[in-house]
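Okay, here we've got a single chain as structure tokens, the form predicted on its own, with questions on binding and movement later.
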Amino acid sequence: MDALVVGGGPSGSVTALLLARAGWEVELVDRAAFPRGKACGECLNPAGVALLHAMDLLECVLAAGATPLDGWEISPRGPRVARGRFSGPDRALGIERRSFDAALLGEARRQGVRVRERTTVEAAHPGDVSTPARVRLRRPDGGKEERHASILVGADGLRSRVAQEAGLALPPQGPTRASLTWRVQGEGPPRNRGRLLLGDGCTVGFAPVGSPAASSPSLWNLTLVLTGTERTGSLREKGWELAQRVLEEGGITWSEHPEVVEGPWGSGSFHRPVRGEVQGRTLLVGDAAGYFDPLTGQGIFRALRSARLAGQVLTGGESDPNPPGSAAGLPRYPGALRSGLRWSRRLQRVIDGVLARETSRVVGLSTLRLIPGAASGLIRLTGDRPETLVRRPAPVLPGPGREGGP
């Protein structure tokens, strides 16, 4: 085949469908059966929304059910809140990963991608100039088979088997950091914005997901992130109790006690670098191409951005397209990826540096709260649309409801 994509999340599905649109014969395998839940903050920032719009994928995602968000509230573990808004018509989306991923995977099928679920990669070889990449698969019935492809795409996430087999994975670095995600139902908090509560080694993200009209009672994503082995070691035993306490300290009020309807899903450790994004005839996209904790809600955006860049370099330009299965564009991918994600990586490092120390964290949050427009400026920057600081972008989403105030 021209391309074999390992992983059916956003980066894998979008890479596969972009190649299929260009006439490539593409197969996608994933060990899960879709739809499936996943550990994630489940928020797509405005730049991610704009990417979906540019790739003609926004309508299918909105049809799957999503809550438009016009901003975020940021605070320490207390009721003092800095409220930031995106610019003009820009919106983020809160959407369940089971719905989001299934919508993109369904679109890949419609574009002609052959999708094989509950299929596991047991071994892989990245290929080279003269030989194709190959993988050994275990089918749902337990049988084994070997598949060859001109291009192998590793889109298999945080602990990418493809990256390991290609010799591109590095050991986890940085502080130990892990998360739990719950699906919560209940009424009370406003559904047009999310909330981020920051503490020493503890972060809680809280945001609406799903279509407001279809969710009765309302559904929420609640994600707890802990840093340091002394905290993460007791994450599963004490996580829910800690998350509830942080929400109470932050002034989150409910008309009735919230209930967990799904989860928890766990993830970590988060900082997983790679020695490169291309080896032989193999390239990595999404989290597999190097992961660092997306506290600013940029994770899905980066998955989509890397997928689009992979599709562009592999297929070539409209005036000079590469033939299906061509490896001619592979050398361009690492540079295109670094350039395409440079802004979000730099911003993440700055934010991590500020949050790492209590003094700078308190000063930073106080600044956001006291200086008019500071919180909105940060929210727009973390939305990966820095141009909205000086001008309004073209609208891509209808405005959300106004419950809960401006």
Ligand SMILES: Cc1cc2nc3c(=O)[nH]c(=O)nc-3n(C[C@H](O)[C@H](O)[C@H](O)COP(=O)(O)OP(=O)(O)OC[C@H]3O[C@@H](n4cnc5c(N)ncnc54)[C@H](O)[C@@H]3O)c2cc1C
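No experiment lies behind these values; they were computed from the predicted model shown. Start at 1 with the first residue shown and count on from there.
The protein also exists as the form predicted in complex with this ligand; that form is not presented, and the subsequent description refers to it.
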query	finding
Partner-proximal stretch of 252 to 260, 97 to 105, 324 to 332, 237 to 245 relative to this ligand in the predicted bound form, 4.5 angstroms, heavy atom	97 to 105
Non-hydrogen atom contact R161 with this ligand in the predicted bound form at 4.5 angstroms	yes
Non-hydrogen atom contact A47 with this ligand in the predicted bound form at 4.5 angstroms	no
Contact label in the predicted bound form: Q298 to this ligand, heavy atom within 4.5 Å	yes
Exercise: Y291 in contact with this ligand in the predicted bound form, heavy atom 4.5 Å	yes
Triplet I74, G84 and L197 all within 4.5 Å of this ligand in the predicted bound form via a heavy atom	no
Heavy atom within 4.5 Å of this ligand in the predicted bound form - residue from R349, R357, R36, R338	R36
Heavy atom within 4.5 Å of this ligand in the predicted bound form - the one residue of G157, P208, P126, G311 that qualifies	G157
Interface residues of 15 to 47 toward this ligand, as seen in the predicted bound form [heavy atoms, 4.5 Å]	V29, D30, R31, A32, F34, R36, K38, A39, C40, G41, E42, C43
